[in-house]
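Take a look at this single chain, the form predicted on its own, given in structure tokens.
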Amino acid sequence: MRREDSEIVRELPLFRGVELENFRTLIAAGYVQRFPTGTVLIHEGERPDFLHVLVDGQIAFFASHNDREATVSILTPPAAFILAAVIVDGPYLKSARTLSSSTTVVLIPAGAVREVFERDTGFARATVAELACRYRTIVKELKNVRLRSSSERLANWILTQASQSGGCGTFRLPFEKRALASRLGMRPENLSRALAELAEAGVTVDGPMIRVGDAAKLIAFSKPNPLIDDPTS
């Protein structure tokens, strides 16, 4: 494993408080792999062999049932994923597919992770904190879906992306519109209609580029709520 990859893992809140010797044990057991676009890294229903740490690229989590498929979430680096399944040694509840042309992932054997979890209190506390944050994220996602229309979900997503893009009001879609539609719980045709509706709130679309022409109008339409939209709450 390259030193820079090890350092990225070490800086994650999950691993920052791990005793040095235990961290070295995890890194010594792990390795790095790079994957092309569309590679399915984990399959829903299988048991975990590794804890994955995304170092570069993007990953879409998705689930399937009765010939239907839906994107559950999209992950950007750096971040560990499928922690809960690794800790309880339970089956994956979702699959993961790479979205980027070159996705770099650190793989740490699940057994080594569980062993360090048992003896390292710093890692155990960090694991509880990480899972608590993810639980709160799931609650926010449920509220977003249950309490908002598809256009309102899209409007709030655009506000968040525009803010994260430096506040200039223009940004490039980080993934395909089909993936965005599934991520927001709508069909691709409904996404097109929602974008057309948001034109009245000052949103314009040019291919993959989104521009917020009137932030005040968009805020008035979307009614952002920190108990749904703030990732730190």
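Numbers for residues come from their place in the sequence shown, where the first is 1. Quick caveat: nothing in here was measured; it's all calculated off a predicted structure.
Beyond what is shown, the protein has a form predicted in complex with another copy of the chain; the following relates to that form.
The partner is absent here; in the predicted complex, the one residue of Ile74, Ala84, Ala110, Ala79 having a heavy atom within 4.5 Å of another copy of the chain is Ala84.
Contact with another copy of the chain in the predicted complex holds for all three of Glu44, His65 and Glu141, each having a heavy atom within 4.5 Å. Another copy of the chain is not drawn, but in the predicted complex it has no heavy atom within 4.5 Å of Met1. Contact check for Glu69: a heavy atom falls within 4.5 Å of another copy of the chain in the predicted complex.
Another copy of the chain is not shown here, but in the predicted complex it comes within 4.5 Å of a heavy atom of Asn225. Using a 4.5 angstroms limit between non-hydrogen atoms, His52 is distant from another copy of the chain in the predicted complex. Here the chain stands alone, but in the predicted complex its contact with another copy of the chain, taken as any heavy atom within 4.5 Å, falls in 179-187 among 202-210, 22-30, 52-60, 179-187.
Residues Phe117, Glu118 are the ones in 99-120 with at least one heavy atom within 4.5 Å of another copy of the chain in the predicted complex, listed in sequence order.
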